[in-house]
Structures are given as C-alpha cells and as structure tokens.
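The chain that follows stands alone, in the form predicted alone, written as structure tokens.
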C-alpha cells in the first residue's frame, strides 16, 4: 500500500479539490481526511457513516467538593486562572496540566478525560473514508490525526486497497506533521501569490525533513502568470517536480456546491488539467 498526501502552505489553495479529483480517478483506494480542524473532503463524497466514536484527547481537573477544605493551594499554583476565588474550576480555562492535583492535600482534585472530538468511518460513492472532527477550542489535533490514520490503515487492510489518499491540513503545524509521518508521497498545492510562494517554501522544508517525495501543482496559475513563473523557478532550484498547472475555472465553485468535482465535468478546463496531473503523477510515482 502506498499513501499519497495532499498539503498546502495555506488554506484555500484547492488542495481538497485536487484530492477529490484523485479520489474520482484512482481505483482501489481508501480515502482519509486529516484536516481535523475543518474536514470537508466528505462534501464531495456523499458518505454514509458506518462507525463512529468519541475522541478523548485531553484531560480536565474535576473537584470533589466533599473532600475540599478550601485551602487555596490549587488556586495558588494554577497558571491559567481556571480556579475562581470560591475554588470552582472553569473547564474552558483548565489546560489539564495537573498542578492542582499535585498540591491538593486532601486529594480532592483528579484529572478526568475530556471528549475533544469524534472520529468516524464511512462508505462513500468513491470508496471507504476515515475522518474526524476536533471540537472548537480543543487541542491535541496531531493525536487525532494519528487516530484517523490508524482507522484508515484498518480500512486499507479490510478492503486490501493499494492506495491511501490523505487530504491534509493547511499550514505547518502539528496536524500536518502527524499527516506527513509515514507518507510515501506528498503533493503540494499552491497558488500564484507572494504569500503562496512563501508558504510553499515553509511546507516544503517540513516535507523534506521527513524525507518524503514531494510534487508540486500550481492552481489558478493564470490569475498571475508572472508569479506562477517565479514559483516554477523556485521549484526548479529546489529540484521539486511540477506535475502541472490548473487554470482558473469559474464553474468549479458551483460544482463543489453540488457535491461534484471538476473532473466529473468533461467540459471543465480545470477538470482536464486535473486529469493530466493525475496521469502524470501515476507515471512518475509508480
């Protein structure tokens, strides 16, 4: 089994659109959405959930009022101001560090697992899917990505798939690092802007750190062909293989609203470019 990860240095570059195109064109695969903060690959897949569960990624302090003697030690050591003057613990401010548990003389405080999100696996019109949702304000997104990948690997084993397509998170943070680990290839999607070029430089450093083969796609290249040329020059200097360019296609947003991908429209210029990019990737990646 070979895994292909789609990443971008920033959001909105068309990463999920390209991942959806590959999902439509590729056979014998499992799909995974590791953008746990804002998963949206399922919008192109019409999924039916088959299994789901809670994700307990962090802990929070819980006080037993019967044991508490109001000594104030917990409030003294709390650096997050999660304990008020009456020694009530605010779950929204508590970081689960455990300092209050350590100093409490009566063992009135314990750390309890907190539900931070949920995971699910589903059947879709394009293949099995593993995905997750991290609840607003929660942390440990990297741990949730790892859980999603474990669910995806289990699906791969169940259906004996040859490929795993992973839609990753934008940026270079914890969920991206958790996604890159163990990947066989990464397709980087950028756009023709100075911020797009800058973010491409950052995400390429992360991918290269993990020694994963990287490929580049420039989306909406014709909106600024001068910067597109700068991006291609950067790729040439970095020996980063360019799979192709995707033109701006005003029909794409409407198709995505309808839950379809550009490659499903034979008249779409973007869809045609995505088909060529897919063929090129399959040729060079083996």
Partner chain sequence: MKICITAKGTGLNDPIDPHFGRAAYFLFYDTETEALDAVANSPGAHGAGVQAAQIVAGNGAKAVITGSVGPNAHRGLAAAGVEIYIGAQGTVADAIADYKAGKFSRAAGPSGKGHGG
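Rigid core here is just the name for the largest C-alpha set that superposes within 1.5 Å across the two forms. Residue numbers count along the first chain shown, from 1. These figures come from a predicted structure and were not determined experimentally.
Just so you know, the form predicted in complex with the partner chain exists too; it's not on screen, but the next bit is about it.
Contact with the partner chain in the predicted complex holds for none of 228, 245 and 279, as no heavy atom of theirs lies within 4.5 Å. The partner chain in the predicted complex comes within 4.5 Å of no heavy atom belonging to residue 113. Though the partner is left out of this view, residue 75 does not reach within 4.5 Å of the partner chain in the predicted complex, counting heavy atoms only. The partner chain in the predicted complex is not approached by residue 106, whose heavy atoms all lie more than 4.5 angstroms from it. Using a 4.5 Å cutoff between non-hydrogen atoms, residue 121 does not count as a contact of the partner chain in the predicted complex. Residue 142 is the only one of 117, 170, 127, 142 with a heavy atom lying within 4.5 Å of the partner chain in the predicted complex. Counting a residue when any of its non-hydrogen atoms is within 4.5 Å of the partner chain in the predicted complex, the one hit in 192 to 207 is 205. In a rigid-core overlay of the protein, residue 192 has its C-alpha displaced by under 2 Å between this form and the one not shown.
When two forms of a protein are overlaid on their rigid core, residues whose CA moves 2 Å or more are considered shifted, and residue 245 is not one of them between this form and the one not shown. Annotation: Cα of residue 127 displaced by less than 2 Å between this form and the one not shown, core superposition.
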